[in-house]
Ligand code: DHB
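One chain follows as structure tokens, the form predicted alone.
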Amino acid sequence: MIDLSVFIKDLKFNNPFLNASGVWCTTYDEIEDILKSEAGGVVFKTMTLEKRTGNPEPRLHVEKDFSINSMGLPNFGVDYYCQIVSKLKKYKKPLIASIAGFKENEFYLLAEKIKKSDFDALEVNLSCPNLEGKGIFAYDIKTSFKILKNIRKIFKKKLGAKLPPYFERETIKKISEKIIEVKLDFVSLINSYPLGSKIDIKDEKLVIKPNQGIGGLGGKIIKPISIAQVLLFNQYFKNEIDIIGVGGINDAEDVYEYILAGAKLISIGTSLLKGVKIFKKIKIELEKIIKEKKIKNLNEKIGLIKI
């Protein structure tokens, strides 16, 4: 038997496949689609205190090797997700909340609401790049770790943070030390690359409308960036913090690459736009790779890259 199960502390996932928050996870039906699929768990749409319609359209552009989005966190508000989560416990898969505040205090109010609900874990989204007039919290290290430290006092279940890409090794080392100090359980690496754009030369216009046509860059093109982030964070974490790898995952070879780099789970974003069947496809492919390599348990290969 091939064992694909992984754990974040004592929280079990039957396999390492998740959706990336933001894709196919806004409505009850979408979340249920993921839970009925071969996914190992689900990350809910990043929720805010109030319902949001998000940025004006067009706000998403997808090509073969990349996507650009400036969605603006459209969601039904935290109360909606806290109400529906109990109905989804029947699938017996981990249910992960994702939250984002526009001000520091909003993060704490959101965490208090999640604390009282049936979510199994909480991911604090400090890295959304698509809010007009708002900076990325995670690049303000002092404020972001003050937020995480205070949420850790509020929320006692599995707690993690979704981070943007960082561009210096020393910065990653410093942030890793802070994450260990705060005692997070996991991090998701990475959110979309903050500044991406595309011009349609036929119409001579930008392909998305918000933020002057600039949005988060995702898909296959960012995988090398994300892999490097996973490698470095894993090196500095020294097995104290688990990693969810995100970015450019299209097939099982991509999954296996993230596993070797040090990710325990992976989240699928752009490729999931085509539908939840991708989870079954990747699971079959990964089982084939593991069988060929004569591995009994996927955990045997986490972070075991040869240098």
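Please read all numbers here as calculations on a predicted model, not as lab measurements. Residue indices: 1-based, along the sequence shown.
The discussion below concerns the form predicted together with this ligand, not included here.
- Heavy atoms of L73 reach within 4.5 Å of this ligand in the predicted complex, making it an interface residue.
- In the predicted complex, this ligand stays beyond 4.5 Å of every heavy atom belonging to P164.
- Among residues of the shown chain, A138 is not one whose heavy atoms approach this ligand to within 4.5 Å in the predicted complex.
- In the predicted complex, this ligand sits within 4.5 Å of a heavy atom of P129.
- Listed stretches are 153-161, 140-148, 184-192, 222-230; the contact stretch with this ligand in the predicted complex is 184-192, by a heavy atom cutoff of 4.5 Å.
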